[in-house]
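Here's a solo chain for you in C-alpha cells, the form predicted on its own.
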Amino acid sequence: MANEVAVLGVGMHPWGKWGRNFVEYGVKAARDALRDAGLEWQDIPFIVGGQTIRNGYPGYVAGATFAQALGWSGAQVASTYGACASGTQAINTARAHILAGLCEVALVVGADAAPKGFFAPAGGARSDDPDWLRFRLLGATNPVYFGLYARRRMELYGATELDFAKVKVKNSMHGSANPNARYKKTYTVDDVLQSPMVSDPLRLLQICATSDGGAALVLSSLEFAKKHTSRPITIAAVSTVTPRYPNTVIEMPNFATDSAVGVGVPDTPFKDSIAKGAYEQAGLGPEDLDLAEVYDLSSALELDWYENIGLCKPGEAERLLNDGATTLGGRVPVNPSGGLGCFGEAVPAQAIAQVCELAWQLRGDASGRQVEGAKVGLTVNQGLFGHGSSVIVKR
C-alpha cells in the first residue's frame, strides 16, 4: 500500500497509420485521460512524456512538447527514454514524484509516428553503437531476431508453426472487439499459415507492424483519488530491472552473449527477473493474476512470456495455449486487448497502453473483450539495451 498510486484516468488515440504528427496523437490521448479523471489540464502540476527518437527534437523533449501543445501552464516536466520500456519509465517517474510528496497528481503521455516497414537505426555512422552495428554488419532487422527466438523455442521445447499460428488467431479474436486496435480482422489458422514467410518460421501475420498511436494516464496519490473516484484502480508495482552479468541469451541489439566461463549464471534469467521484480514489490505472485498484457512482437515470443511471468514452467507454454487457459474465458487471459499483433508498435506509447487496458479491464469497461471479475493484472515488455518493464495493476 505504501508504494501504490492510483490510476485516475486513462486515454488513447487509436493505433493506425494516420500520417500526422505524433503530438496530435499524444494530445488526444491526454485530453481523454484528463476527461476520464474529471480534471482539467490546469489541474496537473507535473507531466512526463515518453520520448520518441524518430520525430525530431520535439520527440526528444516529449514532456515539454506535450505541455506546450496542451497550453503552457507552468507545470513541471520530465521526459524518459528506454526504447520499448519508455512508457513504463515515464509511469515510474510520475509514481516516484507522487510518492515523494512532490505532487498529488501527474499526467503521463506517450505517442509515436512510426516509419513504414520495419524500424531502422537512427541516421549516421556510429561504429560503437550496437544497434547501428547489428543492422550494418549482420543485416539483423527486428524480424530476424524474432525468427531466431522462434527457432530457439522449436529446438528447446518442440513448439510448432501451428502453435505460433494459434497465438495469432487468439489475439485477433480479442483485438476484433477493441475500438483502439489497428487490425480488427479475425484470422483462422489457415489464414496465418498461408501468409507470406518473412523470417522463417514466422509469417507476415505473426510479426507486429510499426504503427502511429498514443496513450496517456492520470496518476495520483491514494488520498487524492478518494476525493475524485468511486472506482479506485491502483498501480501496485513498477519493475524497471536490468540484466545481471553474465547474460547468456542474446538480446537485441547485441549479437554476442556474455562469457560465463569464470562467473556463475544468475539464478533468475533477465526476462524472468522483469516480472519477478514486480511481484516482489506488490507482494503478489503469478497465481494472483487474472490477466496479463505481454509484449508479443511476434506470436512466438508471446509463448516465451507465459513462462517468463510464471504462468507455467519452461516448455509448458504450448500446453497452456492449447488448453485455452490464455484465451478470454480461460484461467489467465493474455493480451485481451489484442496485443501488439493487433496494434503494432508505437514505441513510447505501448507500455502505457498496456496499463490503460488493465485499467479498463479492472473497471469492467472492456466491452466485448471483458475478463470477468478481473482484480489483478500484469504488463510486461522489454526495451533495447536491457530495459525491463513490468507493471502490476489491481483493484
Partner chain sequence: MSGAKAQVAAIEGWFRMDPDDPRLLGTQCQACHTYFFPKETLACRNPSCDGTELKEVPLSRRGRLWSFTNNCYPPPAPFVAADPFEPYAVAAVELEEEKMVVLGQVVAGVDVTELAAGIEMELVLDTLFEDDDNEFMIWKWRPVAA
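Numbering follows the first chain given and starts at 1. The structure presented is a predicted model; accordingly, all values stated were derived computationally and were not measured.
The same protein has a further form, the form predicted in complex with the partner chain, not shown here; the description that follows concerns it.
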query	finding
Output flag, G147, I250 and G262 jointly within 4.5 Å of the partner chain in the predicted complex, heavy atom basis	yes
Any non-hydrogen atom of W72 within 4.5 angstroms of the partner chain in the predicted complex	no
Partner proximity in the predicted complex: N308 to the partner chain, non-hydrogen atom cutoff 4.5 Å	no
P121 within 4.5 Å of the partner chain in the predicted complex, heavy atoms	yes
Residue contact check: L133 to the partner chain in the predicted complex, 4.5 Å heavy atom	yes
Location of the partner chain contact in the predicted complex, chosen stretch of 229-237, 95-103, 314-322, 152-160 [non-hydrogen atom, 4.5 Å]	152-160
Of T141, S221, S176, Q76, the one that lies within 4.5 Å of the partner chain in the predicted complex (heavy atoms)	T141
Interface residue in the predicted complex among D258, D272, E280, D191, criterion: non-hydrogen atom within 4.5 angstroms of the partner chain	D258
Partner contacts in the predicted complex for 323-348 (non-hydrogen atom within 4.5 angstroms of the partner chain)	none
